[in-house]
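First comes one chain, alone, set out as structure tokens in the form predicted alone.
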């Protein structure tokens, strides 16, 4: 393999120069390939769709984690659905207030191969005593568990194949049931420029369960098409409006060092361009 062509969007693709293929095999659930590139470092793709690169993973993982945790404040229990590479787990456990991080991953192979080929992404998070790794179907887990969480983070693939069930009305309803009072759900929601239907569908489906739902954004170079939408659902309508001073206080108290996230970026991320607002119908 000299090049890897990702064809996620109709009529458009991106191509990566491949310097070395490290692993390529069809697991129980999906086709998984890990390869090296001169620009993005090491890359993992599932079913021919890029999931993570070592060059820019910090943008996605910081924004999907620190925004809900610092907006909520006093977070002790986090549930991560998906996220087999361990990046979300890594960022969550940087918050000393978190006593338990439950991670539910469908495909054990993603965890094992990430530990072998992409260890810097999890950076020891799987060995943290606060980690509870569950290899199971995330949909079934939230439907059946009696545990409750301050924050639920859905680090899923796109709504194609195994990830499709994580974008349903029933799944969002079950996530709502699993949250403590005043808890928040955040989700991966694609690139609105290309995946507008995904934004609209999530807005409508999540709105059936949450008093306040919508999106905030981050720019991840790998996920081409401009801003990436991150879904937001909570019954606390003021949580998205936490002022920068309070966010700064929580950020400093957590002693975080970040490469993308800042309290100012956090606040600004909820200011959506009109074309995304127009999709929220």
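Numbering follows the first chain given and starts at 1. Every value quoted in this text rests on a predicted model; they were computed, and no experiment measured them.
From this point on, the text means the form predicted in complex with a small molecule, which you will not see here.
K.L.:
State the residue from 209, 102, 156, 122 whose non-hydrogen atoms include one within 4.5 Å of the small molecule in the predicted complex.
P.N.:
In short, 156.
K.L.:
Indicate whether the small molecule has at least one heavy atom within 4.5 Å of a heavy atom of residue 61 in the predicted complex.
P.N.:
Result yes; residue 61 sits at the interface with the small molecule in the predicted complex.
K.L.:
Would residue 51 show up as a contact with the small molecule in the predicted complex if we use heavy atoms at 4.5 Å?
P.N.:
Answer yes; at least one heavy atom of residue 51 falls within 4.5 Å of the small molecule in the predicted complex.
K.L.:
Residue-level contact is defined here as any heavy atom of the residue lying within 4.5 Å of the small molecule in the predicted complex; does residue 223 satisfy this criterion?
P.N.:
It does: once the small molecule is placed as it appears in the predicted complex, residue 223 has a heavy atom within 4.5 Å of it.
K.L.:
Would you classify residue 188 as touching the small molecule in the predicted complex, given a 4.5 Å non-hydrogen atom cut-off?
P.N.:
Residue 188 belongs to the contact set for the small molecule.
K.L.:
Just one of 209-217, 25-33, 53-61, 237-245 has residues with a heavy atom within 4.5 Å of the small molecule in the predicted complex, so point it out.
P.N.:
So the stretch in question is 53-61.
K.L.:
With the partner left out here, if you bring back the small molecule in the predicted complex, are 8, 195 and 228 all within 4.5 Å of it by some heavy atom?
P.N.:
All of them do, each having a heavy atom within 4.5 Å of the partner.
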